[in-house]
Each structure stands twice: as structure tokens, then as C-alpha cells.
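Take a look at this single chain, the form predicted alone, given in C-alpha cells.
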Amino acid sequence: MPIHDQGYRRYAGTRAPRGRAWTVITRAGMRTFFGRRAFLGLLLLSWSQFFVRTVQIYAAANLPQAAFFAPTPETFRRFFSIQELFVFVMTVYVGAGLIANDRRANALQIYLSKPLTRVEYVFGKLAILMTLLLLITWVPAILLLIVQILFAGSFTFVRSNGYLLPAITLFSFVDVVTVSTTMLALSSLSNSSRYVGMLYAGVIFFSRALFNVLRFVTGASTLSWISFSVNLDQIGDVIFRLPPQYDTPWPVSLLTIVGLIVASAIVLERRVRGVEIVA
């Protein structure tokens, strides 16, 4: 029986460029969710407002008696306000288990034992949630703007409101980055995706309820910065050049959002490790 030489051989395959390992995690996560009927149903439901707005824009452009449906900059701001419900549900459905499930299965050790850094792992998970949230915020909002141009047959509305495109893009990314980093940080704190989902819901609803109580007691809305969702509302109004709904100066709301993102990054840096370190 011949004995073949099993010594060292040069690797003949292709080498993936450094810094792209996170894309493997993102692609795998996207395939997983798009393979679920429940997710596809949720995605379709989250586009329901887009379809309703499209009909309204069509009616406003073709029926004189429906002129009151004509879009304004405030229409796009209201679009994001209504979409926040779907953003919340999608964030819980997709984001709660992104890291929690890996912690439960002790998969972090496997991920980080490969040529994959912690930053790439976190960014890969973050890209999954951000991409799916942009699919229900930025994408339909931009398409609504395109629909308005097509049905109106001119660029008059866009030229008159030239800030709308950057406003839609900026607010979409501020909203999605804030929500995604917060959820990912919470997901890294537990092995249970259900617990993470309840914790995220608690953060959203408790902070809002606390603000409403303080608003009732003080008779003013200067403490709106303590509410997670209200800060985003305040920034959204400023970006769309609308009067702010609350008395808190918008720079305070912006600093609160930035602080929340930084705090989430610190939590992720401490919790995403290949080996648990017990202090």
C-alpha cells in the first residue's frame, strides 16, 4: 500500500481580504430571517403605511376633491412617527436574540477562536438589525418621495423642499443606529432572548411613563430627555424643520442619544468576550 507524503503544502485557495469577516455573519443572519414566514409577514405589515400613503398621493395628484391628501414635509415626519411601532416590534423580534442566543449556545468562543475580531463580530450583528430596520424606515420613505415625483410628473415638490432627502436619510440613520446599538447591548447582557425583549420594552415604556408623570407633576416638558423615544422625536422634529414638541433644547436630546450609543458600545466591549472573566 503506497504511503503518500502528507507534509507541508502551500495553500492554493483564495484569501479573503482582512476586515470583511463581518459580512459572513451579516449574510447568514439575513438569510435566516428571510427564511422565516413570520418575519416576512411582519415585514409586509410594516410596509402597510407605505401602500396607504401611495394611494393618498395618487388621489391627490389625480382627483381635485382629494387635494387635501397632497404630501407636505410634515407628511414624511408623521410617516416616521407611525413607523416607530413597527421599528419597535422588528427590533424586539430580530435584535433580542442576536447575541443572547450565541451566549446561550456558548458560540462566542467559537466565533472568536476564528480569524474574527470582537469588532467584526459586533459589527456583523449590528449590520443585520440596522439593514432590516432601514428596510422599514429609510427605504419606504425614499420610495414615497419617488412616488410623489412620478405621480406629480414634476420635481416641483422636491425642489421646494430640497432638505427632505437629507432629512429622511439623516433621521433614518440616527433612529436606526440608536435603536440597534441599544438592543445589541441589552442582548449581550443575558442568555435569554425573551428576557432581553422584555428588558428593551421596559426601557422604552418605563422611560416614557416616567417622563409623563414628571410632566404632569411639573406642568412642563423640560425633562423629556429622560425618555428614550421622546429624544428621538425631538431630534426628528428639528431635522425636518418642524417646531419641537417638547421644551427640552434639542442639543440636550442629541447629547442624550450620543451618550446612550457610547454606553451601549462600552457594554458590548465588556460583554463580548471569548472567555468569561469573573471579577
Partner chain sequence: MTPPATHATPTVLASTARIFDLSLGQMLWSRRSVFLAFLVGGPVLLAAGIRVVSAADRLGLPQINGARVGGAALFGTMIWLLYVRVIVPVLGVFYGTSLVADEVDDKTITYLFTRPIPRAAVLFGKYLAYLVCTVLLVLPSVVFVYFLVAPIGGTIGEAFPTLVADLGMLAVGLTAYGAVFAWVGARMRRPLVVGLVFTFGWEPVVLVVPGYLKRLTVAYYLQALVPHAMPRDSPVSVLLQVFSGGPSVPTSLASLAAIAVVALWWAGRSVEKQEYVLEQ
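Numbering follows the first chain given and starts at 1. Not measured: the values here are computed from a predicted model.
The same protein also exists as the form predicted in complex with the partner chain; that form is not shown, yet it is the one meant from here on.
Taking the partner from elsewhere, Leu199 is found to have a heavy atom lying within 4.5 Å of the partner chain in the predicted complex. In the predicted complex, the partner chain stays beyond 4.5 Å of every heavy atom belonging to Phe155. A residue is said to contact a partner when one of its heavy atoms sits within 4.5 Å of a partner heavy atom; Val89 meets this definition for the partner chain in the predicted complex. The partner chain is not drawn, but in the predicted complex it has no heavy atom within 4.5 Å of Ala66. The partner is not drawn, yet in the predicted complex one stretch among 247-255, 234-242, 58-66, 206-214 has residues with heavy atoms inside 4.5 Å of the partner chain: 206-214. The three marked residues, Tyr93, Arg104 and Arg194, each reach the partner chain in the predicted complex, with a heavy atom inside 4.5 Å. For the options Ser172, Gln83, Ser190, Thr182, the residue carrying a heavy atom within 4.5 angstroms of the partner chain in the predicted complex is Ser190.
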